Every structure is written in C-alpha cells, then in structure tokens.
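For reference, the chain that follows is the form predicted on its own, supplied as structure tokens.
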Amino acid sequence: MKVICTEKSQILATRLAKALKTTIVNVKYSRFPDGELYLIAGELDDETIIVSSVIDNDALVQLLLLIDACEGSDLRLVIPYMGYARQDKQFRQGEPLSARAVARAIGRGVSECITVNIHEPDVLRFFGAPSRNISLARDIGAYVKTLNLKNPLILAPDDGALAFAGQVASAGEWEYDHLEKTRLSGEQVTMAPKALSAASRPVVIVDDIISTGGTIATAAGMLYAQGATDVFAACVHGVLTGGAYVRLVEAGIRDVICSDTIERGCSRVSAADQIAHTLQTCTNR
C-alpha cells in the first residue's frame, strides 16, 4: 500500500503515510502553455490511497488525472475537503446538482471514498462506491483543551451546527450553545447565545467550515459587548476566502484554529490519525 496525493494536499498526505507506516509516491506536476494540467506519478503499488482536497477547479482536474494515472491499482480515495459539496440542492429548473456531478466524476474507478466533515452527508450516496464520512469535532475539542481556557463556552453560529458544537464540547465536558439572531429593527440585528451567558468567560465559536468569516466576525464584537473575555474561532475546513482571516483578527478573534484538510498557516489539527484509523478499520473488516 502506498499514498499518493494532488498538489495541494501534500502535508496531510505525508502525515497520513507516516501514520500508516508506508511510503508516499512522488508526483510531478506541470502545466502546458495553453493552461492544461499535466502530471506523472512514480511507481505505484497494488493498493493506493489517493489524498486530495478539492479546494479549487485545478485541484479537481488534478484529482481526475491522478485517478486515471493510477488505473490498475486498487484505489481508495480520501477527500479531506470536497468543494461543491455545499451545492447539494436544486432551486430552479436547469440548475445542476453540482455536488452530485463532482461526486459521480471522482467516484469512478475507486473502490472506496472517505470524506471528512462533508457539509451534507447525503452527498455520499452519489459517489458510486462505498463511502463513509468521519468527523474531526473531537480532535478540534482536544486542541481547544490544550489552550487551558477557564470555563469556556463552546458556541455554534446557528442551531444547524449545534450537534457539531456538542461533539467539540465533549472533549472537556464544557457547556455549549448556539447563537440566536434577534431583529431589533429593519436594519439592526443582535446575536447572543440562545440559553447561556458569555459574560466573564472565553468563547470558542465552532463550525465545520469558515468561509468568509462574516457571521463570526460580527458575533465576536457582540460577544465582547456581552462580557466575553476572549473569543476564538475553530473549524475543520479553513476556506478563509475573501480576506476572512484578516476580518476575523480585526474583529478581535484571539486565534483562528482549523485542520489540515485545507493546508493553511492556522492548521493546528491534523486529520491524518483519524483517516488512518478509518482506513485500517475498513481494511480489517
């Protein structure tokens, strides 16, 4: 068994290979003058683990090329972050179900797919291969525990992320809640924990994805006004688009914490051990 990866998942893939006590295949990437992508992989094995976060369109094309380059090996696909997964509904006639289109494309020719905190687990049925989703919520919680915060409040940005917040909170048996918006006027909205108080305690806002960071940045200011001593932001997937990291820091977020499903400077938590455990569990069945 060997591990191979696309260009933007090299760090996680290397950590996974180490966790599995195996080697990683060297891949050379280049681009033709017309912009088309090219790659050539080194020596493969009978079983190959492909690690590829689909964080942009180039990463998606690289993954499709890599799956084809590895034809003949038993391929198991690890998708730490799957772009297009949030486009999982059709609202108007003529719209694509983009999550389905991407899942069908990358699920061809592989024997198994593993995702990490995919935004909508129902997308797994589109892969066309046995699929499972794993969560890093407790790993995020374990990292928060190392911060040695006194009586932290774990806070989801909305009720849809409350279960995720509860899993994070279980690492330290902390209290958890979700933000609730209250409209004061046509233009003014306030946000506060639904049932618990943020006063005189640190708050960690947690979610599966941080994209623009707008909601968290706005909430941070309101939480400080409500007496929070510090506000942290933590997520699995640090998309951090459109200057999100700067926006969060400027809003007073003390630290931004994410995993290496998308490789960022603030990637403090690794998905490698969880993925390795899942792969080994599947192998031993």
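Just count from 1 along the sequence shown to find any residue number. Because the structure is a prediction, the values reported are computed rather than measured.
Heads up, the form predicted in complex with ribose-5-phosphate isn't pictured, but that's what we're talking about next.
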| item | value |
| --- | --- |
| Non-hydrogen atom contact His119 with ribose-5-phosphate in the predicted bound form at 4.5 angstroms | yes |
| Close approach of Ser211 to ribose-5-phosphate in the predicted bound form, 4.5 Å, heavy atom | yes |
| Contact of Asp207 with ribose-5-phosphate in the predicted bound form (heavy atom, 4.5 Å) | yes |
| Exercise: Ser135 in contact with ribose-5-phosphate in the predicted bound form, heavy atom 4.5 Å | no |
| In the predicted bound form, the residue from Thr215, Ser98, Ser197, Thr190 that sits within 4.5 Å of ribose-5-phosphate by heavy atoms | Thr215 |
| Arg104, Lys145, Arg86, Lys181 - the one with a heavy atom within 4.5 Å of ribose-5-phosphate in the predicted bound form | Arg86 |
